[in-house]
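One chain follows as structure tokens, the form predicted on its own.
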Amino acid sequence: MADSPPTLDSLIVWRSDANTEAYEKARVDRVFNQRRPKRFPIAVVEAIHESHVVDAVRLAIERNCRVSVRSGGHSWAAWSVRDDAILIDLGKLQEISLDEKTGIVKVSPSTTGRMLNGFLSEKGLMFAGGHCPDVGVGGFLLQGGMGWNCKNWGWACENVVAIDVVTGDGRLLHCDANQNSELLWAARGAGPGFPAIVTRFYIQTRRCYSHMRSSAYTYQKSEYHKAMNWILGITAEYDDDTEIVVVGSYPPGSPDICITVLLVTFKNSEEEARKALQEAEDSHPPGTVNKWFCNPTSLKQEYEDQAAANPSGYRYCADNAYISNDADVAETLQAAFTTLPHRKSFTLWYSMAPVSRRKLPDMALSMQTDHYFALYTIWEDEKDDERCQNWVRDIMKDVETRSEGAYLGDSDFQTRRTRFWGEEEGKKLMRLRRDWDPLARICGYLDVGDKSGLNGLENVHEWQVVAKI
């Protein structure tokens, strides 16, 4: 007979009872961003079993308070930390199991991409999850999942075939195409406003690739336009197993910002990899300050590189936009790529074509263009908070008027309003929130003052609203 899980009482840290150190550890210890929020849950439940999630929701019902949820703790705005709520931390709720006949893996929300692919690689499989190794699949998938080679393979959430959830009234439900399908629809792109708590994802995996290779071309920032316009001209019809990104950053040892075009291809032979990367090698402009062609790499190596670019223990401010397809992309993003406020910070353009040009499956995720752009502003000292955050705001004031909307995962609803879904999908999502959680038991989108509640987000461009006033 299996041991019974511990009681909820043994897993809960009350703000009113615990010492300050224990409460603070429970409140923010797994929050990645060191720019800590000044918000204080009434309690934190460190769930280790699905039943603890159910019990925590029922406790919140008894106390007439809300619940918030932490999967990986990687959201830049620390959405899980909410005033006067019971925070359900899923960090110790751990499950990975594979149906080898179907290739469907069952996984708990706090499981990171590195953990999941470490498990799957031994089975000859992979999951095109988040690039940062320590991002939990829960937040990543609910936001849509801009994962490995998203430009060609599609959004990670498209591979979610079912979920298990706890609803705001304390019910445990299975959701798939045949039952509770509205919640599965919402789980593919609702983000932190999903009107239930996911305890398990059922994800379709894909085969591993034996030959991952990368090429990179680095230019001085004075060559920004040359580099950006070159890569913009070849990405939409590039090889369908190759992802392409442009990064503005301070490379190690460099006194100034550089522009790096990076291509990573997933193939099963050296010949295939070289063929995929050859077009960029043959067409790249002269003048590189550093370059490599078809170097061996792996998910393990790429995770290590991403971890170095997104170090723990730092302060972060992020924002992003889908740049309109008819915009002058290079001109629109010039200041963002060439005026970074701190040596740790970087700017990213991620090619989304051709997946951005197809009709999406019927799901909440419904915002995309050919061009994804994001700012990852990273610094060490609290005294730089205002300067770094103001730089982000100033950049976005110019960029947002040439955008269609933004990706939930790199957004902060407290600082800027924009669109995150298509018009009809946004309306449907807000209706489903009201239908499935009419008392707004589960904390939704954290806007200014945490006031949105049951209404959710307006799904409008703030700059257009202000212009009409």
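Start at 1 with the first residue shown and count on from there. All values derive from a computational prediction rather than experimental measurement.
In what follows, reference is made to the form predicted together with a small molecule, a form of this protein that is not presented.
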item	value
Interface residue in the model of the complex among G248, G189, G113, P109, criterion: non-hydrogen atom within 4.5 angstroms of the small molecule	P109
Contact residue in the model of the complex, from Y217, F373, F140, F127 (heavy atom within 4.5 Å of the small molecule)	F140
Partner contact for D437 in the model of the complex: the small molecule, 4.5 angstroms, heavy atom	no
Residue contact check: A327 to the small molecule in the model of the complex, 4.5 Å heavy atom	no
Distance check, C132 to the small molecule in the model of the complex, heavy atom within 4.5 Å	yes
is_contact(F266, the small molecule) in the model of the complex, heavy atom dist at most 4.5 Å	no
Segment assignment from 72-80, 268-276, 281-289, 114-122: heavy atom within 4.5 Å of the small molecule in the model of the complex	72-80
